[in-house]
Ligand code: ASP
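Here you get one chain, nothing else, as structure tokens; it is the form predicted on its own.
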């Protein structure tokens, strides 16, 4: 009888939480926590939302992930001098941030960070797994753990009402290390049972992006843009009101300012448009972040942590604003392969099936493809597509020619003016056009 009453009481509390509190998810990337001033800026942003319940998802600080990747490489080769140098550099980087945030150097956070670095050093003496991706995930994931512990400690020091949660206990994935696939049902269960009840006592829960865990408890990472994706996961599983990704840009721009002057901020776009732009190479938001939000209609804001009061960009259901401004995506260093059967036969379904099977086995990713009666053409990133490798893979049945150092430009909601702008002074090698998108391979 007592167990039934206890269960009912907890269910009632959770029910009340769902009714009376709205949830927002904030994600802060490495640039937004790159030093002590950046951490203090995060705190100043959170103060603006003192009436909200917030899940705060953090990336590793600054370029910590790159350093941790170098540490894993040194572990693999058992280069103790390089390993020690890198670990000391990374530790000193974080200690400098701590020294600037905390007056008292003997606070608990120093001990916590020291223990993490002891774990890294201890792992050097252990056998390196044959599964490099497994070793990668156990070490590189610690960047997010360190970042979240430092920010959490600072927020507590500043008297915020906050708690800390471990994504390595909340986000369940399969065992595909470095690119863990989410087990959604179990993840939703864990977040609802372990994280959300904390909001009965706290206003802010600090956690980590990019990382998760397997059923056996091993740490995994979620691949490219994993921290943004984490924000989407927490929002989906908690039925959040919104997600905000804080960046060093004013919002989503219609073009990369490195390649185009007079860029325009996109005030509003649809989930569909954001996925299209990301698919073609826009770097602000990854499609896997957007999809769970689209499934529940949870709006996504992209805002500037430099100017946090500016409106930024909102990504939501409405498509009414998608076609107002042409958007440009540029990919440099592209390579065009032209593939022809050596017997001069037509390119038929059996040829295409054979080509795709061989491309998949080689790991080459296709950015554009086009076929004619006698040839099949693909565009890939030069860094991922070695011509000699492809010729070796296909040479038995196909003749392969290639043209490198090309540029791929995609224009959404194009007009003739934008086409003339991007192709001025260049040769158009290949063109694909639909009602809303044109793709140009330029030399």
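Residue numbers count along the first chain shown, from 1. Keep in mind the model is a prediction, meaning the values are calculated, not measured.
We do not show the form predicted together with this ligand, though everything after this point is about it.
Proximity to this ligand in the model of the complex holds for none of 280, 410 and 436, with the criterion being a heavy atom within 4.5 Å. Only one of 225, 203, 183, 322 lies close to this ligand in the model of the complex, with a heavy atom inside 4.5 Å, and it is 225. Contact annotation: this ligand lies within 4.5 Å of heavy atoms from the stretch 225-233 in the model of the complex, the single such stretch among 165-173, 225-233, 195-203, 112-120. At least one heavy atom of residue 210 is located within 4.5 Å of this ligand in the model of the complex.
Although the partner is absent here, residue 41 lies well away from this ligand in the model of the complex, with no heavy atom inside 4.5 Å. When contacts are judged by a 4.5 Å heavy atom cut-off, residue 36 does not count as touching this ligand in the model of the complex. At a distance threshold of 4.5 angstroms between non-hydrogen atoms, residue 65 is in contact with this ligand in the model of the complex. Contact residues in stretch 388-407 (any heavy atom within 4.5 Å of this ligand, taken in the model of the complex) are absent; none meets the cut-off.
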